[in-house]
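Take a look at this one chain, the form predicted alone, written out in structure tokens.
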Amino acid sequence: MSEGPVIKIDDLHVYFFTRRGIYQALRGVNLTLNKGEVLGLAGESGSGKSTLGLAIMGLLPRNAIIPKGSIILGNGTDLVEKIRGKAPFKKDKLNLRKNELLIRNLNKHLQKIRGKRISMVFQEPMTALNPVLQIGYQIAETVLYHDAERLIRRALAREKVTREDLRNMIKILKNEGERGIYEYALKAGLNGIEEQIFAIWNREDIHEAKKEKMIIDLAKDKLGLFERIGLKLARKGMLKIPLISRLARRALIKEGYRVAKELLSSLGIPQVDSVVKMYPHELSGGMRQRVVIAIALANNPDVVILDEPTSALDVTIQAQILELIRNLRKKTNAAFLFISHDLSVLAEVSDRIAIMYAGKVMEVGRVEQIFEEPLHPYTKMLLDVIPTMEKDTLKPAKGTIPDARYPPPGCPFAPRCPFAKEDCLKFDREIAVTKDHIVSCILYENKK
């Protein structure tokens, strides 16, 4: 599962300036997301879950500031360095115009990272998709913007490959697996063909004989003369020249549609040749959500943030999306941050779960620790309201989350906690009860 951190969040604070006051959405969040894992993020509405996801992506409004804290990608890049502690104040008031320039500068800085290294699946797919662009185009432009070289490589590899090459690669695939294909493609100068072969071979909706025929037929799919010339010139770094860009663009978009078909097929969408030509309003909610997931995965990102991807779907489609996410983590090496208010959903897909409350992380642990050995009183309260076959009655959650403009001192859960004492108003730190079970509660101060 875990091969090291791909994102490390340290003491992150995010505030929003409004006419009604300063909302302290995040107040010192510490989290680590490891390679290849699914980290669930749970909590009541207003706890800061979605704000954390948007802060990682850099999708902040102009009234947002980050007074301190860091979000470090695995390669050492600090995603919030451009705006941390740089908010323009004048007489304790935020200069929105100057702060907007800072946010724009941050967005410019993150353009090459967002969509390639980190990506996000939003809660409502209909608002995440462009209603006037075809599904295939929306996936294709994501790849074209971040990795045009990949599209060029794929198209020119088909130009060069022969039927004999493809038959040899099918034999290698059967005997040696995918690694042998990479080596063959590298030696033959066919880099890019292996991706297309794997996309066909890993399909589960067609039998093996059909797969072999589709792979051999890759040798038939040739480019037009001008498309071929455009791509070859573009490969030499001449894509920025307007004439060459126009020559290559048609071939690149066409290749992007092929990538879209491969992605949608891998996500279990039938009749992809028709789907890529459809518009968002022509698809069901579950299909639209799969399209948004396809866009998020198009460039093989290191981190995928899922912001309540099943909350707008009915239970049957929700089950399909959760099964899809379970399958995706087996096929990709990406790390997933799954945000949800529903702990039972997170139990289905997560390796670890972090519990948030009032802009802070209350508890982090493996799924079995959170459900079988919960430590924080807030975690226990959330579990008490989940209906199960064993429960005769449900305990309603008492109290409400505090106003983010006036957060209580110390532990934010103290006003609702049945075990609260005076010292809780001064307690504000995390305790590692075990190596992988962390809690922010004074009850465990001397139980390490």
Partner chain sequence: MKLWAYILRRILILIPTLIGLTLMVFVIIHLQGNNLLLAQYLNPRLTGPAKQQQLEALTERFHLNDPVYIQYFYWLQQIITGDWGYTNTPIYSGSVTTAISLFLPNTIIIAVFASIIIWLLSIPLGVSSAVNRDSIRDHLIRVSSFTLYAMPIYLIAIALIILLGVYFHVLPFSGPVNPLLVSNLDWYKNGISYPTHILLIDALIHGNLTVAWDAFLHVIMPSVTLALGIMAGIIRILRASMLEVLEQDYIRLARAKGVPEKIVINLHARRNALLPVATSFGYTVAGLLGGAVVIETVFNYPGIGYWTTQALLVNDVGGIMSSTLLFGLILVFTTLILDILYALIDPRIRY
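Residue numbers count along the first chain shown, from 1. Here the structure is a predicted model, which is why all the values come from computation and not from measurement.
Below, we turn to the form predicted together with the partner chain, even though it does not appear here.
- Relative to the partner chain in the predicted complex, residues V14, G85 and N105 are all farther than 4.5 Å at every heavy atom.
- The closest heavy atom approach of E348 to the partner chain in the predicted complex falls outside 4.5 Å.
- The shortest heavy atom separation between L343 and the partner chain in the predicted complex exceeds 4.5 Å.
- Using a 4.5 angstroms threshold between heavy atoms, I295 counts as touching the partner chain in the predicted complex.
- Contact between N130 and the partner chain in the predicted complex is found at the 4.5 Å heavy atom cutoff.
- Only one segment in the set 227-235, 200-208, 164-172, 275-283 has residues whose heavy atoms sit within 4.5 Å of the partner chain in the predicted complex; it is 275-283.
- Site annotation in the predicted complex: the residue of H146, K360, K261, R154 reaching within 4.5 Å of the partner chain with a heavy atom is H146.
- The listed set R97, K331, K213, K187 contains one residue whose heavy atoms approach the partner chain in the predicted complex to within 4.5 Å, identified as R97.
- In sequence order, Y137, Q138, E141, T142, Y145, H146 are the residues of 135-153 having a heavy atom within 4.5 Å of the partner chain in the predicted complex; the partner itself is omitted from this view.
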